[in-house]
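Let's start with one chain on its own, the form predicted on its own, as structure tokens.
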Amino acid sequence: MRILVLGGDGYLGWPVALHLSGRGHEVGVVDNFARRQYDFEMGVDSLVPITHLQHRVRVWEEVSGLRVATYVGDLTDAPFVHRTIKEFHPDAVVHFAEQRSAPYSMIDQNHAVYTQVNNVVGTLNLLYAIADVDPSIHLVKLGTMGEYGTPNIDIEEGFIEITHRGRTDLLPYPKQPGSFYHLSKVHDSHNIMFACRIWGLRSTDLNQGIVYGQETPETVLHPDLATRFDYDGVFGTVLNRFCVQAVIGHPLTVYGKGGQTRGMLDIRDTLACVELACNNAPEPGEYRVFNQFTESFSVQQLAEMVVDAYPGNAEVVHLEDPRVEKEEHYYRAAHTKLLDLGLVPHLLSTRTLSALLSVVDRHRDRVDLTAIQPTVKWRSTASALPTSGGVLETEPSDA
């Protein structure tokens, strides 16, 4: 197929583009490098050094003999989106191109407004372009399990059957997002579902859990094909933070009681899930939701697993939780649809953690300990974190 990857310079967008190209699809990538600009704004950097997109693409073409088309532009620029969709004319669009950090969206008013405008308007422009150019194009959109929150009932895959006063209907699962970023994803889901219903579009919403891992079969072919490794307090993920802290001899910092439970998956499974979605498109007018994770763990469990996997000494400490969230809660979410399509998961193991710890150890001289500390507090409307007043480009989403 012809597949256009939006946010193709990001943590997940880049390895997904390589994976799809290596599997024989004709791939194009779109980016505007806002994710790199966030690093400049925050004063942080990927633990693993990464080269610029054009060089990455040249290296991939040299290593694989396969061509990847590149488009540089912003999804909030409607004419650019329309031209790109018309020129590449994909069979499927994989949409990673959003600001994906909950802490970033909670820094202050500017960052909250930027996140919502950037994410929602960019996706709206994409929906209009697809409807105008070719409604049969399949939109594969990266959502988040964070749309659901942590309800005291089982989480279904997108929809739930409700019986009320003797009548029954299948309705969208109630959403309880935990940040302005997660709210933007909820707005996206509603807009996509609406567009499918009124324009006959077809879309798969991949409500993804937290992704871990940095190496894929394609990115290890050459050092310049590497993808990001974020560990800072704004864009870093919890498992990355714990691995970095263990390697540099810093206590592993668990927020609150550590009972916060989330769905998680290996980066290699993200690649597989995206391709499975592309290869099994929904019907025209169909909006479907896949919960894209393979296991669920509490933050405390993750910390203990890293301590057990690390060959040296590591300890766990508890900090005041800067977020507004339930620190202990019920969590059971369905995730069978991708398994039914053939997903064979890579489960989190000591071997996986050892590989992550090895990546950190190779780049330990690049660790900035000050970047790990939590600086954004949910209950404050103005963070003490220095900012440039907000950025104005579309983010190549990492998850």
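Keep in mind the model is a prediction, meaning the values are calculated, not measured. Note that residue numbering follows the sequence shown and begins at 1.
This protein has a second form, the form predicted in complex with a small molecule, left out of what is shown; the following refers to that one.
Looking at 246 to 254, 273 to 281, 154 to 162, 195 to 203, the stretch with residues near the small molecule in the predicted bound form, meaning non-hydrogen atoms within 4.5 angstroms, turns out to be 246 to 254.
The shortest heavy atom separation between His111 and the small molecule in the predicted bound form exceeds 4.5 Å. With a 4.5 Å cutoff on heavy atoms, Gly213 does not count as touching the small molecule in the predicted bound form; it lies far away. His138 falls outside the set of residues with a heavy atom inside 4.5 Å of the small molecule in the predicted bound form. Glu325 belongs to the set of residues with a heavy atom inside 4.5 Å of the small molecule in the predicted bound form. Though the small molecule is absent from this view, in the predicted bound form it lies within 4.5 Å of a heavy atom of just one residue from Thr84, Thr144, Ser105, Ser189, which is Thr144. Listed residues Arg268, Arg288, Lys175, Arg262 were compared with the small molecule in the predicted bound form; Arg262 is the one with a heavy atom within 4.5 Å.
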